[in-house]
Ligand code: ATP
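Before any questions on how it binds or moves, here is one chain, the form predicted on its own, in structure tokens.
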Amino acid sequence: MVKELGIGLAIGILIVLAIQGFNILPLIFLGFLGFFMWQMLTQGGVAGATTDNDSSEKKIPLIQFDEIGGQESAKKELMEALDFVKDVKRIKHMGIRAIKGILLSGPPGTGKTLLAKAAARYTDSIFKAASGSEFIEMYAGLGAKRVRNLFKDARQTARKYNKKSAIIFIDEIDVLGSKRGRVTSHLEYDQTLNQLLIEMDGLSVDDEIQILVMAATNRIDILDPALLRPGRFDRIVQVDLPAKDGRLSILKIHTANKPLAEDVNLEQIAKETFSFSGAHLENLANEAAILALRENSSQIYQKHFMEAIDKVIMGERLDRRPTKEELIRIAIHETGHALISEILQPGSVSTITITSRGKALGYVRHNPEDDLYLQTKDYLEEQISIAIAGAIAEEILLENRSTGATNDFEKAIQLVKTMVISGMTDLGVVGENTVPKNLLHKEMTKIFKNIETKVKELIKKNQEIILKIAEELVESERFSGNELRELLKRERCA
């Protein structure tokens, strides 16, 4: 508002002076020059990271490493590197070059920013945070100036608060640190990256204020090699998705302030949240609390967590309701998936449901016993069997298939391709792009036929079980894995 009033007042004065006969051209020129200089000065800093009025960034973050769960390997590696910052005299005595940069690489939501904040707390350092996108402007030179200002402000703030070190954290560094030469319209990206490299090269163990640059990315493959060479980012810490034990520790942290009922089994929840990041698990605990609140419950029960898992994976329940015939088909389809999964991988089924969520009309939530990092040929064939079992169950029990199996077939085709390029087929070791398409098609068809024959035998043998479960699903929309295992056990004993 003040800006608009000032501009209006200036224009009014110029009009009055022009009427009086004054030459206002020099004044207009000086006005434009002053406005441009003011814009340069106000945009020169890094928003939210280098302004003197932002007191929150001047304080050392309160978070500590023991408050971050599921990243024990990353924390250990990071703390070993940070010990060099804490004990400067010792590294000088040993003639060790100062660590200038630590790059945190991993999927979104795994806690990279939290680790950077904990690093500042661990080393008693001033913490300055910025995003890679804040350095990129259409005006050449502004990004480089913001990089200089960021380092300058970190040193000034450390002196002001009598600290010997400062940590500069750049989130999404791939925005400013991507390989040079990719953007040809102007050199702003390259100039900004060059300035960052220059600033990092100027860091020394003999500096009055020790500066450590930390950065985060989930696209390390597109970073410029100059950033990753020794002497720049000296350490690359991989921050992966947490394993089951890590998920359990994260859940304990995020449920510590919540009223949990006695039936809540966090270990079981951790087991059923395979591939969840720390952010997903925090959202899971929050959604479970919201579901309990909706029911006016004073405690959070296991059922709320189970419902929250479905919501985090698939989305909110939808109001749409398929027809009775469609519900029967969906129930048979999903039961086919679950049955083959339980036969081939006992204990793998957590829940079967025909509740519509997101784009899915129904689904089976699987419950892997352990986190797998390597996949064998047998495992891939089992996964293909599970993927196509829904369509085969429809074909045998309803005498035709539906379009509901489209995504299942896409998944099955991708699994077969994985087998081919991993050398698990009769083709031997081949490249996906070098094997002739007709030969690849022939091999994939052979694999599918062999697996399809085995799945059909299992479906025909267990038709009565599928119909019983499908009938229950139509009534209650949900059938647990434990109920499925008990039913299979009774049928086998009969």
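A residue's number is simply how far along the shown sequence it sits, counting from 1. What you see is a predicted model; the values in this text were computed from it and never measured.
We do not show the form predicted together with the ligand, though everything after this point is about it.
Q. Which residue, 231, 347, 107, 322, has a heavy atom that falls within 4.5 Å of the ligand in the model of the complex?
A. Of 231, 347, 107, 322, the residue with a heavy atom within 4.5 Å of the ligand in the model of the complex is 107.
Q) Which of these residues, 168, 250, 173, 352, gets a heavy atom within 4.5 Å of the ligand in the model of the complex? A) The residue in contact is 250.
Q: Decide whether residue 459 counts as a contact residue for the ligand in the model of the complex under a heavy atom distance cut-off of 4.5 Å.
A: Result no; residue 459 lies far from the ligand in the model of the complex.
(Q) Contact with the ligand in the model of the complex for residue 71, defined as at least one heavy atom pair within 4.5 Å: yes or no? (A) Judged by the heavy-atom cut-off of 4.5 Å, residue 71 is in contact with the ligand in the model of the complex.
Q) Does at least one non-hydrogen atom of residue 245 fall within 4.5 angstroms of the ligand in the model of the complex? A) So residue 245 does not count as contacting the ligand.
Q. Could you tell me if residue 329 has a non-hydrogen atom within 4.5 Å of the ligand in the model of the complex?
A. No, residue 329 is distant from the partner.
Q. Can you say which of 275 to 283, 94 to 102, 397 to 405, 355 to 363 gets within 4.5 Å of the ligand in the model of the complex, counting heavy atoms only?
A. Every other range fails; the passing one is 275 to 283.
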